[in-house]
Structures are given as C-alpha cells and as structure tokens.
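Just one chain follows, in the form predicted on its own, and it is written as structure tokens.
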C-alpha cells in the first residue's frame, strides 16, 4: 500500500509519495496571450513560450476551494500518467484543507476522492497540523508549538499542544502573497510602468527584490537619497521572453545612477517598494486592512492560552509558507515578538530549511507513523457510513 501526500495550497500543490521526494507544482491552469485557445495545466506552465500577460485560472478564491472543475483538471494531470501514475485501488491519500473549511467543500472533496478517483483511504487534515507533527518529531521533548502559516491567500496562526490544535487561539490575517503581488503591481503601474496584466512577471519581481525591513523609517530615509548613497535602490531587468527568459537584478556595479541605459533592456527601478510591500504582513493597516500584523497576532493568540502554557509557545514559534522566505522575515518577527512578550519568557522563532514543503514533510512522517491506519477513513467505511464517518474521524 503506498501513500500519496498532497499539500493542496492555493498557489502551489506540494505532492509526492511518502517514500519519495516532493514536487512543487502550480495549482492552477493558465492561458497565454499567444495561444488563446489552449489551456495549460499545472507544470505545463514551462511550455508557454511567452508568459507575458499570463492569465491564471485558480481553483481557490479567498483561500477556499471553490472552482472544482479547475481543481479536477489539475488533479487529473497530477495523478495521471504524465506525473504520478497513481494506482488508486492501492493508494492512500493525505490531503490538506484550510482551517474552518465549509462543510459543503469537505463533502465535495470526500465525494471526489472516494467516488470519482476511488482512493483506498483518505486523511483530510490542516497544513498546520502536519507542520506541528513535523516539528514535534524533531523536538520530541516539546509539548507546545505555535505555527505561523503565511501563504497565498491568508496568514494563519495556530497554537498546538500535544499534537492537538487549540481552536480558541487560531487567528487569521487576511494578508497573503496574492495581496502583496497585487499591491506591487498597483504601485509599479502608478509610478512607472503599466503592469496590471503581468501577474506572473511581477510575482517574480517580488520574490527577487523584496525584503522585510528591520527599521522601516530608517529604510524610508535611505530610499530618498539620490544616486549611489541610496543603498535600497535596485534596477530590475524585465524579461522580454526572447533573449531574456527570466528577469533579474542588475548587479550594483553595473547600475547607472544618473540617466538612461544605452542597452535596449526594459528596466524597473525599485526603491521603497522593496520593503514597503512585505511591510503589509506586519502592518496591514497601512493599506486600510484593519487587522493585527503577524507579531501582534502571535502575542494575542498566545495570551488566549492558559497561563502555564504561554512560555512554551513563546519558545516554539514555527514559520511556514512562502512569505516567510523574504529576507529579514524571521529576524523581524523575533524582534517584534521579543518586544511584546513578557521579559521572563524566552522567545525562539524557527524558520525551517524549506518552509514551503515543511507541512508536506510532516505528512510524509505521518504516513510512516504506526497509528496512521487509525486516522484514515477507508473507502469501505465511507461507502457504508457516508460523510458522517469523515466528520467523526478528521479533526478539522
């Protein structure tokens, strides 16, 4: 019996058999400007010659799986002969879903997994639970941890104690990678170049040049300096998809601080956008979202826990999700939580080697766990008792 672990994110699906390596694949379909009629699915993205003006068709909206037709096509592609060649009759699946998922979505997922694909058994679980499992596996003396999962649609903060999530401490901030990319598109479009249709390119810009400032006002001052004194300024060469396949940052010694470049490259000059965009994770109120930033929400969540457990949470803060890859992210979270936490508590913030695949690694460990059989719902179970048995078994 093999087990397939699928961390089904709103932007990337992290998928792989529990005895193999993980693959990170876009959980989306695409249309390109050049071949209007053809729809590309998941990792066929690499086949698109000219991804400018790329159109995304996403299965997730606002963090929940609502577009089943697209999701089915992506899954068909992933499970099919081109990718994982799944033998459904001989495979268990571990699949993730968002917190506080809607019952209707859960039931659709049960039906698709058991009735359409006919997996042998399934386990539906939150990504944070897998991350916590992975963390406790590594640090088996710890009883508590608090997971910060900052992904495409949301940032969630979830406290775990002895492997169970503490529902009264779960917090959601409505800022994720999608919002950051969109905000960067708007800023660049307003300041220098109309890029509202270039989600794919600007997302790459965001990943290449943005960072989290350790001192926002100081960086703001540096960003206003002229010429070479401006250490924040970066020139980003946009791809033209013929000679330049992928955008990149100009090295500092090649930057032209005074005027135009002689070469025909198209250049974006970025200054305070580099740190003002990720700043939204720490101060959503900057763009009119009246919510707490990550450090404040962390402390708030820990304060909702019993007092004798609070010190354990402070010293086991785990960062997961794509946004945690911004340079300076971990240091800033540590700095602000340290400032807000009571002096007598020790604070420790852990950024795993690969924060995007961390939950997947937890799923892999879980599949190898001797208690795994107890946690799953088998197809026979489901056929006998329907959705009820899934509701009973899965801690969602």
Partner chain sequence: MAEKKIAVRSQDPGQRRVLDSATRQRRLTRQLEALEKDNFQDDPHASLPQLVKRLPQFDESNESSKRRKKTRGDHFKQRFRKNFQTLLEEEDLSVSEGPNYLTACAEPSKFPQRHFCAVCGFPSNYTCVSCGSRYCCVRCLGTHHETRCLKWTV
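Just so it is clear, the model here is predicted, and its values are computed rather than measured. Numbering follows the first chain given and starts at 1.
Keep in mind the form predicted together with its partner chain is missing from the figure; the text below concerns it.
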As a check of understanding, the residue in 74, 171, 209, 95 with any heavy atom within 4.5 Å of its partner chain in the predicted bound form should be identified as 171
Proximity to its partner chain in the predicted bound form, single hit among 47, 69, 371, 346 (heavy atom within 4.5 Å): 69
Classify residue 58 as contacting or not contacting its partner chain in the predicted bound form by the rule of any non-hydrogen atom within 4.5 angstroms, answering yes or no. yes
At the 4.5 Å heavy atom threshold, is residue 194 in contact with its partner chain in the predicted bound form? yes
Do residue 235 and its partner chain come within 4.5 Å of each other in the predicted bound form, heavy atoms counted? no
Using 4.5 Å between non-hydrogen atoms, is residue 325 touching its partner chain in the predicted bound form? no
Please pick out the stretch from 195 to 203, 133 to 141, 120 to 128, 87 to 95 that is in contact with its partner chain in the predicted bound form, where contact means heavy atoms within 4.5 Å. 195 to 203
Are all three of 39, 116 and 292 close to its partner chain in the predicted bound form, meaning a heavy atom of each within 4.5 Å? yes
Sequence order please: the residues of 211 to 228 with a heavy atom within 4.5 Å of its partner chain in the predicted bound form. 216, 217, 220, 223, 224
